[in-house]
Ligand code: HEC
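Okay, here we've got a single chain as structure tokens, the form predicted on its own, with questions on binding and movement later.
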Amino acid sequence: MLVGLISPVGGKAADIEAGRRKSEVCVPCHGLDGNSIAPEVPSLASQPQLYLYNQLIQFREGRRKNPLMSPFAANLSDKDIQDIATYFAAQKPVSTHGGEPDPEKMAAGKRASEKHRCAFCHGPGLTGRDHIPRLTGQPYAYLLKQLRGFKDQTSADIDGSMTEVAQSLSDEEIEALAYYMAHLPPVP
């Protein structure tokens, strides 16, 4: 039996192997080992454990809704969520695209990231921490959809921070940020 990280629930150790088994249903959408190949589906590999845990709780409790995720999460126990979050957090992320990024688009995205202080919450290199997700290497279409959702308030985050920040983003900045983050190496 493999034992993983300490859980945010009760301090009990999570079981990575149990998480792998429980996450098999996730593969069609989130990809093998949590590396998405679908343009609008996030990669879960190497996301912070607490972020994954909180998102599954949000789906289970109905505070976050998705036609596929909500029914799946509705039947998860705290232990299931702990194991799944620990499994995906331990996986190695891979790039969601191929080819060399456009230097001008990368520079525009970097400027927007610095202007809006993305690293302040998402950490150096935008690799996530604690309850805040890794942005690097996520699919471009997913990042674009999320940022637009925060801006038009059709997507919500746990504390409203992203909704607040997104209000100041221009459409050009949203596109630049999504491109930049998608093309950064997904190194944890």
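Everything quoted here is computed from the prediction, not taken from an experiment. Residue positions are given as counts along the sequence shown, with the first one as 1.
Another form exists, predicted in complex with heme C (HEC); not displayed. Remarks below refer to it.
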Worksheet item: Every residue in H30, P42 and I84 with a non-hydrogen atom within 4.5 Å of heme C (HEC) in the predicted bound form?
Response: yes
Worksheet item: Looking at the partner-bound form in the predicted bound form, is G34 within 4.5 Å of heme C (HEC) by any heavy atom?
Response: no
Discussion item. Check D152 for me: does it contact heme C (HEC) in the predicted bound form (non-hydrogen atoms, 4.5 angstroms)?
Written reply: no
Item to complete: Verify the contact flag for K79: yes if a non-hydrogen atom of it lies within 4.5 Å of a non-hydrogen atom of heme C (HEC) in the predicted bound form, no if not.
Response: no
Worksheet item: Heavy atom to heavy atom, is M181 within 4.5 Å of heme C (HEC) in the predicted bound form?
Response: yes
Worksheet item: Taking heme C (HEC) in the predicted bound form, which residues of 99 to 138 have any heavy atom within 4.5 Å of it?
Response: H116, R117, C118, C121, H122, H131, I132, P133, L135, Q138
